[in-house]
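First, one chain by itself: the form predicted on its own, in structure tokens.
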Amino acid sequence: MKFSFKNDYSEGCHPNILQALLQDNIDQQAGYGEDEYSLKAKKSIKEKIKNPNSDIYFVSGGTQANLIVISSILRPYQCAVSASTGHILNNETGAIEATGHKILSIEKEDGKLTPADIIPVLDSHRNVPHQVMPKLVYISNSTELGTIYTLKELEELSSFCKENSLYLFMDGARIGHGLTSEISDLTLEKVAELTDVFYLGGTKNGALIGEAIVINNQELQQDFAFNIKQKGALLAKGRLLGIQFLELMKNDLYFDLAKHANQQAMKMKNAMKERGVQFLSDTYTNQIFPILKNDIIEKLSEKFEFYVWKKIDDNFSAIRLITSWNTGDEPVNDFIEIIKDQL
């Protein structure tokens, strides 16, 4: 059987979560997120971000989180701004557009947005009231290309958004990987301070399912629960999500799992760099994009699953490799051995 480097959610969940789900399985609890596990998990997240005034909601997946947050924040004539690689643009079947909100795309090779990128978008949408109003800036950390925001970059973007009355929303599907990257100087506390809304992704970091939406801007908190219910995201058995995040927050398991995934990816990256391999983007998270000869890619595909991300020319292509919280040494070492043999 081939080992999969296609994504970071091929496995089920961390054993601690399974044990907790089984242990508390027959306890009677309140429904719809009012169970004791969900309440404790929310308290734990608030303690980690050092913001007791943030509101937290658990939903089942990233697309659901993006859809609910953006559709609830924006008025009918307002729109979102995103890098061209953004998940809401390319991998959510037009979920945002289906709610009546346009997404303005900005071409970015590294997947990150800066104030300089957004200024032309604002300047080209001043024909009031004949054009949509840019109101929300959507970013990901880590991005869809595995790159991350530095503290300085996020501070500059946050200040710019405040100066221009824009909401800043961070997709945190892989926020654990972004924050535990060996080059990251950003913290969870700073993310909460600098964004209006972000979420902690569990699906791609050790949970069965689940994302924790964190609303920091108190103006956006009012009536948010109605949106959760209306969009079908308010689980009667909310304990399923609460138990998972409670376990992930214990002893920083969430960050340990992300750090492990990053380290396994970096082993492969460093081995390929030693052999002169070039990369589509310079990443330090659990996503890497090596550019390899097509015959080497064919050889690797005999033993591993991965996406061929982009054709470079007739002889070379970039592939995407993703490691997870559960990626062991054996598949990583096997991959490295094939690379050494082929290069």
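Quick note: we count residues from 1 along the sequence shown, nothing fancier. The structure displayed is predicted, hence computed values, not measured ones.
Missing here is the form predicted in complex with a further copy of the same chain; even so, the following discussion is about that form.
Look at 100-108, 150-158, 249-257, 180-188: in the model of the complex, residues with non-hydrogen atoms within 4.5 angstroms of a further copy of the same chain sit in 100-108. For the chain shown alone, residue 176 is not a contact residue for a further copy of the same chain in the model of the complex, no non-hydrogen atom being within 4.5 angstroms. Taking non-hydrogen atoms only, residue 119 never approaches a further copy of the same chain to within 4.5 angstroms in the model of the complex.
At the 4.5 Å threshold, heavy atoms of residue 316 stay clear of a further copy of the same chain in the model of the complex, well away from it. Using a 4.5 angstroms limit between non-hydrogen atoms, residue 51 is distant from a further copy of the same chain in the model of the complex. This chain is drawn without a further copy of the same chain; in the model of the complex, the residue among 278, 44, 29, 294 with a heavy atom within 4.5 Å of it is 29.
If you take 119-143 and check each residue for a heavy atom within 4.5 Å of a further copy of the same chain in the model of the complex, you get 127, 128, 129, 130, 131, 132, 133, in sequence order.
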